[in-house]
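As a starting point, one isolated chain is supplied in structure tokens, in the form predicted alone.
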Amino acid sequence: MEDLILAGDEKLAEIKANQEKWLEERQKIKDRPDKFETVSGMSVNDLYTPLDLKDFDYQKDLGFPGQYPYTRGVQPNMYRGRLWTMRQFAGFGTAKDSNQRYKYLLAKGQTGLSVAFDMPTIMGYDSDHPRSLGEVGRVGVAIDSLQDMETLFSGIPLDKISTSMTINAPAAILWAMYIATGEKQGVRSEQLTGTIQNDLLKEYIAQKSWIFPPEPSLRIITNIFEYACRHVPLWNTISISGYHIREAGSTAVQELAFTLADGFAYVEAGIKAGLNVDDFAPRLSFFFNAHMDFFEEIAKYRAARRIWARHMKEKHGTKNPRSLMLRFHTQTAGCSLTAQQPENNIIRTAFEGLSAVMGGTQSLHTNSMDEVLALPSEKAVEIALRTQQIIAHETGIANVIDPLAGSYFVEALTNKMEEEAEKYFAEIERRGGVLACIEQNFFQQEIADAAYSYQRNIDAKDRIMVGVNEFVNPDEKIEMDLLKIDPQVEKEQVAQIQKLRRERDNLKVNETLDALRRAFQDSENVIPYILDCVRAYATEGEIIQVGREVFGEYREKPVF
């Protein structure tokens, strides 16, 4: 196959002549009346040959695993050395409730933890704040203080487990709580491994759970980069997320382009803050969506690695090979799940997880079949984890590195994804960069248009969703044991935080909050001050309030 990819002009001419003869016969046969395109609406040919890869350069475009441009993976032996981390996203109710779920998952063979926080925690409000009413512990775990973080990881040694935390605007605070919890366990910060999402740019673009304006948010993020380089060197300081961009309705190309544009913006912010790119870039990580179009997703991951490596080398002049390696976590697409015939979601998730693995992911979360209806039940989450384990141990997929390399279709699609992403990069630069595009609502409008187009295709049955617009069961009754959060959870959490405020050293808390306020107002790295607040058992809401007073809150400019 490699010989064909690298075929000379004479061989290509022969293939072209034979293809033209084939096309004469092929055109006599009618196709199905379907649109032949990817989930993202990218048209695909009926057949791919070496003619679609006329300028393909094996060393430049493909290379070998663990070597530039990393198209084939970031490790020389990939899953033959170590399987991806199986990291099921979980969290609900109180810290005690989630601690029990974590121990359940670890007992079932999960190899890493991933924390889901409730909306008050995500938005920087304590559980007893009026805006938290009715939301405490509902869509994730409620974490108000170091006390909750200690409970969350009680009996789970932080020097033995890698933890990912999906938190953005208050990321520095939750990270500080995790570091302090490690200290309580006798684990040094240098031993901690894991990831904080910490990606504010995608919040302004897609998910909308921001607090502060972009400039102070970027300052705090670069403070995290700097502190981690010195004190938490094994930690991934950011997970630059395309997942939420895709869940908001983007195409695969938009997910790829907007995510990498955000990544480059963080690199530039770090350099502007005076950091050496090779000191912080090796700990940048990414987070992608695994949607239903099997080959499009694989091409997206491969293109992402190649684009990142090339830009980091050619534009930013990185010297450390690890700065060139795009390492990423993948989660199967929540937006592809259906409330109708929810058992079908097991099958969807299996194919999406398979594409992530064949695309070279470093860790994976597989969604549970009932997540479109509620937080996952124990039964559903076990099936989701077993899906990963079956992919790893029964399919043979993990035996071969980048098994689709050399496929005319996959290589052509990878090239196309890269080409389309570069067009977006040029447009973003023309408009003044990522922050300017956020202010102009460029990203938001592009995503909205893509989401509208996708939904119109569903409504018109141009795209079939099994059980939704075709193969429906009109009399379907969903019979599942769904996880329900007891309203008592909120009462218990509120009582606990109020008790903490009565019993802690409030003089010490106020001293640390005042020191943090001064650090926010000056140009110092704020992470040591946040750590002091956390160790004194200041609450997340109290720390965030100091930031609100200094920086204000972000308001998105409406577009009509």
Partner chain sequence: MAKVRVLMAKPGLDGHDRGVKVVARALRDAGMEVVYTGLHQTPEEIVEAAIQEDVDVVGLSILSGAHMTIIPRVNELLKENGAADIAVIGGGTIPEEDVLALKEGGWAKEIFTPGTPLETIVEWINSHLKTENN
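All values derive from a computational prediction rather than experimental measurement. Residue numbers count along the first chain shown, from 1.
The form predicted together with its partner chain exists for this protein as well; it is not shown, and the discussion that follows is about that form.
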Query - Contact of Met149 with its partner chain in the predicted bound form (heavy atom, 4.5 Å) - result: no
Query raised in the report: Does Lys484 reach its partner chain in the predicted bound form, with heavy atoms at most 4.5 Å apart?
Result: yes
Requested in this report: Tell me, yes or no, whether Pro558 is in contact with its partner chain in the predicted bound form, where a contact means a heavy atom of each within 4.5 Å.
Outcome: yes
Report task. Check whether Ala206 has any heavy atom within 4.5 Å of a heavy atom of its partner chain in the predicted bound form, and answer yes or no. Result -> yes
**Report entry** Site check Tyr452, Gln455 and Asp459: each within 4.5 Å of its partner chain in the predicted bound form by heavy atom
**Finding:** yes
Query raised in the report: Of the listed stretches (189-197, 246-254, 415-423, 101-109), which one has a non-hydrogen atom within 4.5 Å of its partner chain in the predicted bound form?
Result: 246-254
Query raised in the report: Since exactly one of Val277, Met123, Cys229, Ala90 fits, which has a heavy atom within 4.5 Å of its partner chain in the predicted bound form?
Result: Met123
Query raised in the report: Looking at Ile397, Ala339, Val466, Ile156, which is the one with a non-hydrogen atom within 4.5 Å of its partner chain in the predicted bound form?
Result: Ala339
Report summary line: Restricting to 134-152, the residues within 4.5 Å of its partner chain in the predicted bound form through any heavy atom are Gly134, Glu135, Arg138, Val139
